[in-house]
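Next up is one chain by itself, shown in structure tokens, the form predicted alone.
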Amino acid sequence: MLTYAEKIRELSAQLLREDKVDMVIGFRKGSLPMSNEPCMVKNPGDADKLVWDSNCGVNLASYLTDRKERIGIIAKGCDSRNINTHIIENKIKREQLTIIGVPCTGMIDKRKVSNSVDFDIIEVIEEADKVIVKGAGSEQTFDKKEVLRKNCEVCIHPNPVVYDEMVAEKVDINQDVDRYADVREVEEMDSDDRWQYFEDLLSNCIRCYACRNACPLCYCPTCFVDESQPQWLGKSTNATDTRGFHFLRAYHCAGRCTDCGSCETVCPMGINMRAFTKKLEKDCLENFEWQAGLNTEQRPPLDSFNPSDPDAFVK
């Protein structure tokens, strides 16, 4: 993916120079290793700031909500699916967008890398399928597949599903992957063990709402956790309120989540938020044959009605 950056800069500068867009949303180098940050480029000369590597994991569709400008946006597979969801839900118009598609070979999990070395990381370099981690007088090399984010390990939509330009040829799709093995493990627990699993999962939550803020699906003008009339949840880290927040937010994403992993990536406590959304993704696939954001012609199952929808759960 390292070769993509030059093409991204070239296309972005061209779009701005020809006045086809008012801005390009992409990534620039972050101040810390493995922490590239979203940015908006509005001048052709600033397109040189744009970068692309395996540290561009935040979903850029989050920055499209209700914008009125003509926008160029860099989009990997999951980003493009959330762009489709934004279009379906009338948060942006397709004609406003010029989508620069990026075939994705997976994003690095910076926690995996940090936990695998015993020195302070100064620099991380990618070379083909290797990740080289450097510290003061220390160096360690990993195969990229060893340090991929969990959602990238099971991704079957690495290529953009909608685009106007592509920076490279599409990558091969991983067909031999069990996407829901971890979900089935939880499903097979008895009720007491399952309850304890989620209690342990959420025990470190500090209610910072980083997961909500990074999620491209969380764009309500007032979030339910911020409502005061009526007040749905308390503001503390009380276990009941914390559970309520995570479960209600997950259900709000049901049928819409693309498993982009942004929620888990930004969590300062390293909580596996995908344990919630992945279960609902599995249910939507099994009950409605639905995968979010693959096109704009079909409404998600939970905001449409079909007489043939399964109803065995209704007692």
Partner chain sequence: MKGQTEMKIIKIKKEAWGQGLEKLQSEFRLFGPVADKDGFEFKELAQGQLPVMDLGNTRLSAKSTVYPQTQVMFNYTLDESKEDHHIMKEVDLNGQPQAVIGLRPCDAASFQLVKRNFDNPEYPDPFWVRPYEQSTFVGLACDNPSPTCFCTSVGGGPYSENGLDVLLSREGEVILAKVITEKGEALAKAAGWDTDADENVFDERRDAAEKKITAKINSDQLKGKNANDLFSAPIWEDIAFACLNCGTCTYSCPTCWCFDIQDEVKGTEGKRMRNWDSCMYPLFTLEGSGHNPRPVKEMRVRQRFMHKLKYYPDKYDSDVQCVGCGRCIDLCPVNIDIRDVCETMNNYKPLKSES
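All figures in this text were calculated on a predicted structure; none of them were measured in a lab. Numbering follows the first chain given and starts at 1.
Omitted from view is the form predicted in complex with the partner chain, to which the following refers.
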Within 4.5 Å, heavy atoms only, one stretch in 74 to 82, 95 to 103, 185 to 193, 204 to 212 touches the partner chain in the predicted complex. Which? 204 to 212
Just to confirm, with a 4.5 Å cut-off on non-hydrogen atoms, which of 275, 285, 248, 40 contacts the partner chain in the predicted complex? 40
Going by heavy atom distances of 4.5 angstroms or less, which of 243, 150, 179, 111 would be at the interface with the partner chain in the predicted complex? 111
Would the partner chain be touched by all three of 87, 91 and 291 in the predicted complex, meaning a heavy atom each within 4.5 Å? no
Indicate whether the partner chain has at least one heavy atom within 4.5 Å of a heavy atom of residue 235 in the predicted complex. yes
Would residue 164 count as touching the partner chain in the predicted complex under a 4.5 Å heavy atom rule? no
Does the partner chain get within 4.5 angstroms of any non-hydrogen atom of residue 65 in the predicted complex? no
Taking the partner chain as it sits in the predicted complex, is residue 47 near enough to touch it, meaning that at least one heavy atom pair lies within 4.5 angstroms? no
Counting only heavy atoms, which residues in 91 to 122 are within 4.5 Å of the partner chain in the predicted complex? 110, 111, 115, 120, 121
